[in-house]
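Given as structure tokens, the chain that follows is alone and in the form predicted on its own.
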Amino acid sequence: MNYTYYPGCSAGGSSADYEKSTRAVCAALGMTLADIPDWNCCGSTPAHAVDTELSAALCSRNLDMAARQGVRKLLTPCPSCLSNLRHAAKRMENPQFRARVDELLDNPAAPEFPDVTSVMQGIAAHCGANGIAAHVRGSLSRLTLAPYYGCLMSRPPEVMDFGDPENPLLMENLLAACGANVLNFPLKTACCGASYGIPERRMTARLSARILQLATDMKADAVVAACPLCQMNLDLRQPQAAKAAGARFVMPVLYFTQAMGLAFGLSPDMLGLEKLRVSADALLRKLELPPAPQGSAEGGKPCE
């Protein structure tokens, strides 16, 4: 099946491994991702912090292009992009706000926008737990994983529509379908510091350390994330978090698509595992997965 896709700016840089593993896993599940032509940045955090209408215009341009192609559902991997696109669509329901935003666009936006959902939700809707389990070539049963959504994916609930804002369970269901021992992780929706990692490094280090310390105490083999910014704070800045906590962390922080890809038997290079700062080699040794299939993941068997 074909799905229209909004990759977001980080896909070509800081979260290239998320992008790579997302496309590989979706292809293995028979999901073809087609980018919105000529898509633009959603504005991330800076745009909506400075000008709500400008931020909505950036998002509305993407939504408008998708709508004019007849798209009914749009997938995006990044919670920040998801939040911005969904907030913009909600604000554009106000006629006065829409009129001001339309003035910033080349043409008035389409009257109705496609529904925007996360790749995680798209995978679950496409396959379901049984469909995912059918694609598992090497169970993750030897791994204990701490699911970490971050603070944006499920909040505010009236906009994000991602289940219980304090206790989402979708990632747990996907990882369990891959055979993993999934922890009931109390800090799974706690903030890691997000973009404050630039202006407020000490605060971000403390918040990230709290998450890493609990995962370590609960004997997790890895933290599994769904957000590029969260993954960066917990992985790339793990030494800063360790210093703030007076501890030593050696905690791999994978994207959920990387974990699923390992279960599907996809090779580490297809999943971008070499990009992780904290190596996942110990996980690979523990899993003892069979050799990865040769060649590209394109043309995977669809879920039934």
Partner chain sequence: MKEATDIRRRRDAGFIAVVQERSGQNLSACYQCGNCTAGCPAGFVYDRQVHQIMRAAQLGLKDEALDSRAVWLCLACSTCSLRCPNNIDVAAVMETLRHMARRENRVAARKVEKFWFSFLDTVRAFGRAWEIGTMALYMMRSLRVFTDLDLAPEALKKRKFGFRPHTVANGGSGAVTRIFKRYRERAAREGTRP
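Numbering follows the first chain given and starts at 1. Keep in mind the model is a prediction, meaning the values are calculated, not measured.
This protein has a second form, the form predicted in complex with its partner chain, left out of what is shown; the following refers to that one.
- This chain is displayed without its partner chain, yet in the model of the complex the stretch 188-196 from 109-117, 136-144, 188-196, 175-183 comes within 4.5 Å of it by heavy atoms.
- Scanning Leu29, Leu58, Ala259, Leu63 against its partner chain in the model of the complex with a 4.5 Å heavy atom cut-off leaves one residue, Leu58.
- In the model of the complex, no heavy atom of Ala244 sits within 4.5 Å of its partner chain.
- Although the partner is absent here, Asn40 is a contact residue: one of its heavy atoms lies within 4.5 angstroms of its partner chain in the model of the complex.
- Proximity of Gln231 to its partner chain in the model of the complex: non-hydrogen atoms within 4.5 Å are present.
- In the model of the complex, at least one heavy atom of Cys9 sits within 4.5 Å of its partner chain.
- The partner is not shown here, but in the model of the complex the stretch 96-115 reaches within 4.5 angstroms of its partner chain through a heavy atom at Arg100, Glu103, Leu104, Leu105, Asp106.
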